[in-house]
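Next comes just one chain, in structure tokens: the form predicted on its own.
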């Protein structure tokens, strides 16, 4: 089946508005730990690649949702948010009265143990779900008042998702996986391919554009996932345990790249994790336990020395 046939199949058989969420169900999950080093030809250090320029027409999506540039207005706001699930005759509260404001340009880490409610919060922040009670605002819009098609358009233009298990479609090559969000935004095919090539150059995978996910290492697959998340140049990058299936060296490499997007491009980065090591990148840390926010801690980012910067060449 060709790439075009696969896209058409998704559009016919699936509700396109739920496509990004469907990746969670449809993609092959590569959950093995990455214990080997990257191949010598896996691409240059991300730090030596050209920075992602949000003003460059080669990567800018002219149809992208415009965000407020008022730093005093939250980009995402949760007000008294509850998420309830019915388990037989018992009602279970995964989130309990969450109040949280996230501003443009933050690097926010949501930290909590397994079962704390952080994954439920990620689904709400990413507009993949709506609250049982309370309100979630994205760019000052109440997501519960939007129909699914409106929500999908805003979500597709404003939020880039990076999943722990990469969620690459196994029958599509590297370039085609990056093209997926652009196809669903109905971007011009020639411009979309230019964007995909540019993004693969940024993440050091230009020579791997025709490789299938099974032919890539864990670190390379995560870099493809990052390129895909940037395809429509969204203002928000939402990452769920982005280093969970990577060795520590490759994980640092990925986090340094996300940190660079935050510093150079002003991207709002939100990472959901249980890993305390990730807070060194944060401007704020939200500690969550048993469905409630324990505390919110403002931080000054650690500045690692150049001798600690990863180089996977």
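Positions refer to the first chain, counted from 1. Bear in mind that the values here come from a model prediction, so they are computed numbers and not experimental data.
The next section is about a form of this same protein that is not shown, the form predicted together with a small molecule.
- The small molecule is not shown here, but in the predicted complex it comes within 4.5 Å of a heavy atom of residue 117.
- The small molecule in the predicted complex is approached by residue 241, whose closest heavy atom lies within 4.5 angstroms of it.
- The small molecule in the predicted complex is approached by residue 113, whose closest heavy atom lies within 4.5 angstroms of it.
- Though the partner is left out of this view, residue 94 does reach within 4.5 Å of the small molecule in the predicted complex, counting heavy atoms only.
- Heavy atoms within 4.5 Å of the small molecule in the predicted complex map, among the stretches 214-222, 80-88, 149-157, 181-189, onto 80-88 alone.
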